[in-house]
Ligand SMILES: Cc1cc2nc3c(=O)[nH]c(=O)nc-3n(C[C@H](O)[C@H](O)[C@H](O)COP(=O)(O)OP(=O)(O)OC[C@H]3O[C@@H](n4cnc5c(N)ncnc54)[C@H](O)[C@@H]3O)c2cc1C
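Shown next as structure tokens: one chain only, the form predicted on its own.
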Amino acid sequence: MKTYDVMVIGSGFAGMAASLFAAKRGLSVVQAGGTGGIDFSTGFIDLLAVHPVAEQRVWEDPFAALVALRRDLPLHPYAHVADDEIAAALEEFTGFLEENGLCYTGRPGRNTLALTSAGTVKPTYLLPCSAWGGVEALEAKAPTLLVDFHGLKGISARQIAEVRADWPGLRTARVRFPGMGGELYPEHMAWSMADQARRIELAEAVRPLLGDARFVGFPAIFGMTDTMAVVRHMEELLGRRVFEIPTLPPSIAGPRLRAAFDRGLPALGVRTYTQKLVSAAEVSGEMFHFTAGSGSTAVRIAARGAVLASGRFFGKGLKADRHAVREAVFDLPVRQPEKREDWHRAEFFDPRGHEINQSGLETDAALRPLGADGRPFHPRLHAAGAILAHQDWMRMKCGAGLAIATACKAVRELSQNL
């Protein structure tokens, strides 16, 4: 059995990022995990937009927000990662995505308000280049045509226009997607748009509706592997700026990200076992031994170190019964409310969020999970992403950024001890 330097447990944002950072640093890497949250991503990379959550204060400068957050919440995982480390991690992560066909953009040191499929705007730090035209159109309140399709759920141009009453130049149209009928799915449409003939047909359907529009927005369906090439071709065909709006999850943004990692990680030498959850873990002396999957297809894996990036409840990194929350792989102690009745507040939409949302693993400054004795469980076991305690990534708008930054930190600390 081959012994790897690093076992990455999890295949969401944090798991993918940890595998990338470890492989880029010359470590041998094996990764296992089920479908992670990355598949349900909007494609936006949030860094930090809301703090304090109870006050719903929205920040334009995420790094200024980080200063306030570290002051107010010294146990938050971001307290263990410096700003320059975060910036470097994001640059390396998005650089990898660009090498694999996914372009990202944003404004240095500033959050951007991005248009969502509900017509609301979301503060985020980096977003797919294919969505940037929507930012410019929204900011300028430019004459814009939003197009959606008969049979496609998860986005309504008319609803967006109704919500954006502050955008008088916004018009909508619904057209038939060429070559398909009935209920439509973004992934099928995206693969279809790889065919230039299909783009020409779509442009011919939309061109008579353009009017004075300077921008044309579409649901995110413009290809799986080279989205900007499709966007540029549509711009050429229509003579207008074109942009995408992510549909409701699961949108095409998540499969695009996963496809980029599926292409890029093996090329870096990462051995991946997709759709195999880690079902057993043993620590013997200096080594970790894992079983990934079950039954006749289970595989045994040996590694000198590990990054636990298995996510929370959705990723199955945490499990809950009627009495307590447990960590699924090593049965590590989980920081959680003392009593079950304290998990949730009385009001579901309480602006402070719920105590259970900040449950997770306590770590030291090197992001090593603490055992029952309050000391690191193992010198070469680190944790990253949503499984960490003292953060509410959804309400703080910090999910992907937190995953990427802590994955980079965990790998850097681990590599120093191998």
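The first residue of the shown sequence is 1; numbering continues from there. The structure presented is a predicted model; accordingly, all values stated were derived computationally and were not measured.
A second form of this protein, the form predicted in complex with the named molecule, is not displayed here; the remarks below concern that form.
A.B. asks: So which stretch, 168-176, 209-217, 338-346, 316-324, is the one near the named molecule in the model of the complex (non-hydrogen atoms, 4.5 Å)?
C.D. replies: That would be 316-324.
A.B. asks: Using a 4.5 Å heavy atom cut-off, state whether F13 contacts the named molecule in the model of the complex.
C.D. replies: Contact check for F13: yes, within 4.5 Å of the named molecule in the model of the complex.
A.B. asks: Spell out, yes or no, whether the shortest heavy atom distance between G33 and the named molecule in the model of the complex is within 4.5 Å.
C.D. replies: Although the named molecule is absent here, G33 would touch it in the model of the complex, with heavy atoms inside 4.5 Å.
A.B. asks: Just checking whether P369 would be counted as a contact of the named molecule in the model of the complex - the rule being heavy atoms within 4.5 angstroms.
C.D. replies: Flag for P369 set to no.
A.B. asks: Since only the chain is shown here, I'm wondering whether R241 would be in contact with the named molecule in the model of the complex (any heavy atom pair within 4.5 Å).
C.D. replies: No.
A.B. asks: Could you spot which one of G311, P128, G305, G223 gets a heavy atom to within 4.5 Å of the named molecule in the model of the complex?
C.D. replies: Result of the distance check: G311.
A.B. asks: Of A89, L277, V147, L152, which residue is found within 4.5 angstroms of the named molecule in the model of the complex when only non-hydrogen atoms are counted?
C.D. replies: Here the answer is residue option L277.
A.B. asks: Residue by residue through 40-61, tell me which have a non-hydrogen atom within 4.5 angstroms of the named molecule in the model of the complex.
C.D. replies: Heavy-atom contacts within 4.5 Å come from F40, S41, T42, F44, I45, D46.
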